[in-house]
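Just the one chain here, laid out as structure tokens, in the form predicted alone.
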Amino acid sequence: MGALKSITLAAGAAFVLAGCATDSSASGDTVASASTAATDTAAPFPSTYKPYPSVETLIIPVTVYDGRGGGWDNGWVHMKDGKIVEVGGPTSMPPDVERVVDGTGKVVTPGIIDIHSHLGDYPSPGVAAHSDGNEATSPTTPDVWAEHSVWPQDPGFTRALANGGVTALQVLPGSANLMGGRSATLKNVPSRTVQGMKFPGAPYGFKMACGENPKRVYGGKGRQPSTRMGNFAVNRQTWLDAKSYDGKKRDLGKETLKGVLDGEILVHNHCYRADEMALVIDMAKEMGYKVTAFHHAVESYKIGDLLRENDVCSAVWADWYGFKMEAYDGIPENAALIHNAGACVVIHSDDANGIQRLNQEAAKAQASGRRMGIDIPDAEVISWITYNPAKAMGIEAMTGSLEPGKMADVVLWNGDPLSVYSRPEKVWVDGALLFDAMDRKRRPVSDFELGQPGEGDVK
């Protein structure tokens, strides 16, 4: 009976996945890879992602926000073979394309990117059997990889696509540990395997955490660290041990740390307090690595100049604060003040619901800045959820903005994306139309949801 159910569900999933594509003969999910390509010790779980089939498309006329701070009305976007071919304005001649999408009264942006997600590692339903985001058995677990916990059937992926226009995301291990492990950067597409979702060419990230979480988790067990000075002591000794690693006898944790020291793996450091972020920057210089982004950085506004000078992004919420002592000094003007200091701002979610409304979170942060006299243009605010996270994830050369040659990861909004009343109307990933609010057949449903009440419901 169990085998029969598996076969039935697999067949159903294949049907549903094909329904998302413009050509049912192809799929973005390449299953063969899961067992055939794992021979390279440098990349034992390689991406097998293949774009869904796309159709040459022109969106016109439409308001364009290009993700790099540019924005104009009466523009157009031309996609072909999965790439952005050209983006034009009211005075430029659009190409003659058979498939034209009317963008009248609508807005087009790059696909939304969430730099901090736990989808798949903490999927819905959120039950203990699904809790795979924190390997809380040692203060340093650089040997674990978030992708090995990702459940591709998590309905949260579909909701993020349909409600939030999210086309790429970084899944991070949790924050119980000083060193939580490697992250996974994914394309937000239906797939039976995590390899079929892995963003091709994306560098790995490395999750670190400072502050209250590690010292609470391990201090509560009567072991180091139980203080912030303990946090730094354990971190520094672990880095020193890693620097002498020669690779002759494989050590999974030290392989990751060596990748960080070699600049191949990007550090994403969960850190709330400004003073602690400044200490982490010094520790990174001492050990010879770079922090790419501080996450949950509620006090970045206090050290905007320091973050700018060290080229460190701040991934922040619009207004989450006060839920623990290190979040006490969070202020809603944080993002605007960081931006005003010339440092990099990213709006992140860290939440299965929040990822569906990153556009609204960005708008809230913008409004808070405006109330204190910092007026940031809409087109620049859009970069907080498109180009800036792509930059911090090391994928900005491939996605994050509407520029010729980049992946055609595109959202057509039915109104101003910074309005609470607007929603994604259409979402393309690599030029493939994967969601269309006007077409129920383009609402992907995971295997897990089949037969469930409200399956595919993305109201």
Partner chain sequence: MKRLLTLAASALALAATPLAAQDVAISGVTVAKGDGSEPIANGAVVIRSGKVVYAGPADQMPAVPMQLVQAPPDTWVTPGLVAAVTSLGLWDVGAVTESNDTSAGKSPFNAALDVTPAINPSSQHIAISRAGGITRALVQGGSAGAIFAGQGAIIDLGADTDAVRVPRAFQKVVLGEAGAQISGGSRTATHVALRNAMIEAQAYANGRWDGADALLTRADAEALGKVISGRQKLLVAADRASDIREVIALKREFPKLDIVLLGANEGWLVAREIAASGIPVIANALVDLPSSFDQLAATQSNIGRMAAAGVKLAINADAMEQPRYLAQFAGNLVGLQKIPGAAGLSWGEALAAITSKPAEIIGLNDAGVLRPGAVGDLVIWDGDPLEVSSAPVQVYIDGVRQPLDNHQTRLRERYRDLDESDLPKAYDW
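In this text the structure is predicted, and so the values were computed from the model without any measurement. Positions refer to the first chain, counted from 1.
Beyond the structure shown, there is the form predicted together with the partner chain, which is absent from this document and is the topic of what follows.
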Heavy atom within 4.5 Å of the partner chain in the predicted bound form: which of R371, K243, K221, R99?
R371
Between V312, A363, V144, M277, only one gets a heavy atom within 4.5 angstroms of the partner chain in the predicted bound form; which residue is that?
A363
Of 246-254, 75-83, 381-389, 313-321, which is the one stretch near the partner chain in the predicted bound form, taking non-hydrogen atoms within 4.5 angstroms as near?
313-321
Residue-level contact is defined here as any heavy atom of the residue lying within 4.5 Å of the partner chain in the predicted bound form; does L337 satisfy this criterion?
yes
Looking at the partner-bound form in the predicted bound form, is V127 within 4.5 Å of the partner chain by any heavy atom?
yes
Report whether the minimum heavy atom distance between V420 and the partner chain in the predicted bound form is within 4.5 Å.
yes
In the predicted bound form, does Q356 have a heavy atom within 4.5 Å of the partner chain?
yes
Is the partner chain in the predicted bound form near all of E56, G181 and G405, within 4.5 Å of a heavy atom of each?
no
Considering only 324-359, what residues come within 4.5 Å of the partner chain in the predicted bound form, judged by heavy atoms?
K324, M325, Y328, D329, G330, I331, P332, E333, L337, A352, N353, Q356, R357
